[in-house]
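Structure 1 and structure 2 below are the same protein chain in two forms, each given by itself as structure tokens.
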Structure 1
């Protein structure tokens, strides 16, 4: 049953989306909008709106005379931040985290090297501010505060790369970092070595040292994978 205070179709999505990504509705399953509308106690127009959102994520497709069909996992828009969030909430969280962290390890070091070549003075200053914010929140179990600066740091790196494709991955990286924190796939305090590496990346970018910026960022992503081996094997 839905509760007031949020968009009705959004409330439906918060239940139906995770159910699809968790495999409760396997690929090929046919969803009857009339039945779902009754289940969620919403109108058919609200249900259709929810289905349109799921279609935009390529989780389902509407077929005439068939209904709404769950698509194959290989067809899902796995870069959609909401899809990432739903998958991280499911049973395959370790696999999803590893997949996304491998993606980060392929993209972010290169982005950091490019940032060292293209970052503006304002971006360099913002990067330094983010790194210092991470340091300030790295002790005393302040993971939520740390997360804010960590997400901002990596967004700046991707944006400062000057590559629009990298920049669009900011939301993906944000979901990975947020998911690790909210699902407690983090130590109570961040690894001091990782915090120091972020400060050093900011320094390398500001100094225009592309080789060092790329190398240090690769160390960050390798460390993130090693943490997953311990916390989400």
Structure 2
């Protein structure tokens, strides 16, 4: 799924990044480049490049005479796909999934509304195809096939919104949906109501009915929130 560590510095990041995001080095911890270089058995220049990347993600801050300090969690670039992957692979995976699901619930309905206005004929067709694929795989424990079409469906919606910021969340949504299917409790077939909603969203988008598309998508995301017990009493 993920690109396997481009170069030596990439391999270092593959273990150092998750370690930091997992809180193994609590905020305020100070690391030294030389020591890290020894620990990972790479040259200083390679380790420096790795630190630069962590710094650009706002995970650490490098200062003279002090060292490489781990930043507060609140400063991290939590939208960086790499950071998201690291956190999803770590201990606070549940919390991360909840945060991302709430984010989805805010974005996707609006994206669907915009998609109803801006989607091309090709995108409408693709959307319908995805929805039909979901229907076709909604029974008889075909979870993998269902997931593929589900992910594709939401990607099309986000892309068709015409907003680049929304479009870039395709990977995040994919990660959340995949995570739900693979790691969370989901042995049974998907909720038939959810499947129907997807089909209806595709129809609404094709019909150019923005209000309806937004409303239906909101129902989908409410369902996602309920699965994680995120809802007001």
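Residue numbers count along the first chain shown, from 1. Note that this is a predicted model, so its numbers are computed, not measured.
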Displayed copy of the chain that is the form predicted together with a further copy of the same chain: 2
Of 27, 103, 124, 44, the position at the hinge that separates the two rigid parts moving between the two structures: 103
Degrees turned by the smaller rigid part between the two structures: 13
